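What follows is a single chain, given as structure tokens, in the form predicted alone.
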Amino acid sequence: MPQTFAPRHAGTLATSVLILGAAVVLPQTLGLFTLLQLTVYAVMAILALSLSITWGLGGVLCFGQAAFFGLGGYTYAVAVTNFGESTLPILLAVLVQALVALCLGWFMFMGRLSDLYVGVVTLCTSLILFNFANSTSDPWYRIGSAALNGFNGMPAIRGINIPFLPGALLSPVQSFVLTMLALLAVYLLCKTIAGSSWGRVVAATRQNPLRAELMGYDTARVKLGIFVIGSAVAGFAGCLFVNWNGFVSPDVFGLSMSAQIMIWMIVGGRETFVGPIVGAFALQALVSRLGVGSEINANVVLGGLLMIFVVLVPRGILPTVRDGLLSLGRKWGPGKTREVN
């Protein structure tokens, strides 16, 4: 049993301990500004994991993941403005995106669209939402007491409170801890799905859809299911982003956001769930660093990194490092030494 546990679960355990340890230790050692930065990095890591579910595990290339991220943010902003309490709005930010993804995915996957057209449809969905949100400046565009405000965005959005206690808003430190715990929960969700029997069906559908169908699996429903789960996680990330920012605007639907999510995945490595987390943290830190000096355009740097990784490190950082270490282990390990002697 220990021999089985080590290779399959040691990495998951180490990553979980690292995230949990960061949630406990960092608030005691870092300043408030740094914690605020790390909070948004963790939110983006959750967003990256949402695409890792859809694309990395399910093989569904969703170019418009920002659509569900933005809808989650707007859903939470509208709901919390009307209800004055965050418990139900958080649930709505997840459930509404799951319902939207179910409706959109039903037409795409049951209609047997190819992967290319799925990417085009999701990207167009994001662009449609971007243009619509920018066109809601008129006071007529409101849902209950929440005005959408068009390109000006929705300011002063109420943050997350302790469940069913509207007066107990979370402090920035508590929001950091909540976000890190949410990151841990989403990471474990990813590992649980991947390790389940259904997750193996998802992987089989990604690798060879025709063979999976010949074995009796409904690949369209499998893709639809993984698409809905990934979209719901993206909506949850949007909710956490609005809690951190206190503001949401149409920019959350923009091409820049959609492109960044893809870059995090490619740089970190979409073959693992840790890779997107590393990619999101590293590149968000880089963008924040570049934002200090106006002489360097962050988008140009990200585009350059994307080209470098696509050409030189197509599998991403973590899979490449992992394979390199395994290759060294096979070359210089004890078994190889005994063979040479």
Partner chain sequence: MDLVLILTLQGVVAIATILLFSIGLAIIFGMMRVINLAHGEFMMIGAYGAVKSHEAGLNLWVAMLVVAPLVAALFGLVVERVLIRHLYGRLIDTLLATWGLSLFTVGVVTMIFGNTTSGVPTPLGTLRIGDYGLGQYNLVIVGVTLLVLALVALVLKRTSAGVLARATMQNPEMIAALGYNPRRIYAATFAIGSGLAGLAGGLLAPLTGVIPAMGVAFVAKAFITVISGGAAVILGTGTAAAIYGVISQSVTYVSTSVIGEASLFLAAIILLRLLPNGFAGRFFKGGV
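Numbering follows the first chain given and starts at 1. Source: prediction; values computed, not measured.
In what follows, reference is made to the form predicted together with its partner chain, a form of this protein that is not presented.
In the predicted bound form, its partner chain stays beyond 4.5 Å of every heavy atom belonging to Val40. In the predicted bound form, its partner chain sits within 4.5 Å of a heavy atom of Gly111. In the predicted bound form, Thr29 stays away from its partner chain, with no heavy atom inside 4.5 Å. Residue contact with its partner chain in the predicted bound form: Ser135 places a heavy atom within 4.5 Å of it. The candidate spot formed by Leu95, Leu102 and Val274 is out of contact with its partner chain in the predicted bound form: none of the three has a heavy atom within 4.5 Å.
Look at 261-269, 198-206, 220-228, 166-174: in the predicted bound form, residues with non-hydrogen atoms within 4.5 angstroms of its partner chain sit in 261-269. When you look in the predicted bound form, the only residue of Ala282, Leu61, Leu36, Leu290 with a non-hydrogen atom within 4.5 Å of its partner chain is Leu61. In the predicted bound form, Phe107, Met110, Gly111, Leu113, Leu116, Tyr117, Val120, Val121, Leu123, Cys124, Thr125, Leu127, Ile128, Asn131 are the residues of 93-131 with at least one heavy atom within 4.5 Å of its partner chain, listed from first to last.
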